[in-house]
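Okay, here we've got a single chain as structure tokens, the form predicted alone, with questions on binding and movement later.
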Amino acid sequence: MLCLLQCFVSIAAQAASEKADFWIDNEFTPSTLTKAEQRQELAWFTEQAKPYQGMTIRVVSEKINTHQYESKVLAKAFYELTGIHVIHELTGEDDVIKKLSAQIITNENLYDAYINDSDLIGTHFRNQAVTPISQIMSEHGKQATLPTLDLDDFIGIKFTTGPDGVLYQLPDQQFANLYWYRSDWFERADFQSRFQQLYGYPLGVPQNWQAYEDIAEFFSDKVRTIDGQRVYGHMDYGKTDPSLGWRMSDAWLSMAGVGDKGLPNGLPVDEWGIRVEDCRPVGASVERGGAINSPAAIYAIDKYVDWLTRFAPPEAKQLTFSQAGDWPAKGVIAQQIFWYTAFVDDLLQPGLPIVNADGTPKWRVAPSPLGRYWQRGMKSGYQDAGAWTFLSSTPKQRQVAAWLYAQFVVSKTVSLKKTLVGYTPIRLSDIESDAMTQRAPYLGGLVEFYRSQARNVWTPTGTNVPDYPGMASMWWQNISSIIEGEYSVKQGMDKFAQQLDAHLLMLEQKAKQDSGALCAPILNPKQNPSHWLAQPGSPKAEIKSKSKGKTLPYEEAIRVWQ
């Protein structure tokens, strides 16, 4: 009998080993680990999952390429290696937030884990509805925490850590908003000569918004057609839709220079224009020391609306985030100031008019140009950091099973291949790998960006925002009313500031009813805006002088960040 049992154990171990080898040889290549190290990692998952075999866990994320790979490939691999079945649901980012909010409100376990943007870090560290990663790793999930997880290797770990030093979420994927442009058009001698003649400086990667505007005007109004096809100097989107809010809250104001210096988000005024004192939000309007209706914010929104109207294709006003993402693939866009690198793979497909016959792109990405109010030391752009989030209402046993899956899809065995599928890197070891060096010429500058210090100044929404689910929708509703002409930019931003202040006041009053809450808002009294505009930093007084356009050759534009 003992022999039979030993033989069974031996056969099971052999089968697990063969499954691991199959996935290593057929899917998890390349990796920054050796095959022997990969086998050890996968054997660890097989062993640690034994108490949870037969369970079915549910996770949900937005539907970008990286998560599609996890849902279709990695969930299957995880099941074969561990016996834990994963239903990895994909939906829109707005719906992910709604589902997460629903579980927080009802206290019912709807999902065992969420891959939710770190934009909610200000909410998570305040409302205590999340089980922090730090707690899982030190308490009920300690035994099931991967010895080779290597948190220091994650480039976005600071985005998911609260002001209290607690790690609330674990990064799963990251992508940045970068400047995108047709390098083949920019290199044409006839366009270079004509641009220099018209604007007095070289056609190149714009370093400020004036240069971006000049280039947009050049291609939309001066060049107009290339090879008989109408072309445009600018691309954006403006449909009344939740994604219109992300377009703005994803650092558009900070690129203009609305906030204060200080990384990752600006202190005391952040990229949303919310002022924080001693970790407590004290106001968004200029009257209370915020900047959401400051001259810099009005300048930012005015440029967005003006460029969308004057230089983008007429269809752009009716497009959402996902509909606009692959428009540059049509071959009619010269540049886009704010393009999500999650769409890199979509713009590399053979046969596209923007891809050379050898597979190299005719386009490049570079750091986006900065607005009139921006100063060195401020954040420079947005980086989406989708991160694993566990809610306190999920039973601990189910949390641990989901924690194993979360670690599997970010493990060093898997992460490099996942990066090469979705181009949303999270590990420095992957970014610096030989595989990424070999792939770099085909990615239009993405690798160079992530190997530079720029990856530290492109940041998600920060900790000043105390209720992201409750406040995010205000962006698209207010910006839409400006686009539609219902309000002027000034009127619309004044109204928006009042709404944000009212919401902060509601949170303040609720915290008092609940006998206080961690870092809850306490609004400043209203003062004449001139008081705050006269102080150093944000909110900043109006700058009326017009900047001269400035550009750099691509190599120099990238070198600025190295």
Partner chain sequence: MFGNKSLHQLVFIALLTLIMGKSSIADTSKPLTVVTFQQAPFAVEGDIKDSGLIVEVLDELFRRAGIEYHMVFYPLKRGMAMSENLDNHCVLPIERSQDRETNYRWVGPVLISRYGLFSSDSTSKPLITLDDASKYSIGSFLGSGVGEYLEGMGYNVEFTSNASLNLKKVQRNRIDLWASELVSANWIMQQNKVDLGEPELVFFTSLRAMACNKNLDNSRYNAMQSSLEDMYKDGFMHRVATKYGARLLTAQYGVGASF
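Note that this is a predicted model, so its numbers are computed, not measured. Positions refer to the first chain, counted from 1.
Here the subject shifts to the form predicted in complex with the partner chain, a form of this protein not shown in this document.
Checking 488 to 496, 371 to 379, 96 to 104, 448 to 456 against the partner chain in the predicted bound form, the stretch whose residues place heavy atoms within 4.5 Å of it is 96 to 104. Among residues of the shown chain, residue 196 is not one whose heavy atoms approach the partner chain to within 4.5 Å in the predicted bound form. Taking the partner from the other structure, the partner chain in the predicted bound form has no heavy atom within 4.5 Å of any heavy atom of residue 470.
Of the heavy atoms in residue 85, some are within 4.5 Å of the partner chain in the predicted bound form. Contact annotation: residue 63 falls within 4.5 Å of the partner chain in the predicted bound form, judged by heavy atom distances.
Taking 242, 268, 367, 361 one by one, only a single residue has any non-hydrogen atom within 4.5 Å of the partner chain in the predicted bound form, and it is 242. Here is the short version: of 149, 421, 110, 129, the single residue with a heavy atom within 4.5 Å of the partner chain in the predicted bound form is 110. For the partner-free chain shown, just 476 of 459 to 496 comes within 4.5 angstroms of the partner chain in the predicted bound form, judged by any non-hydrogen atom.
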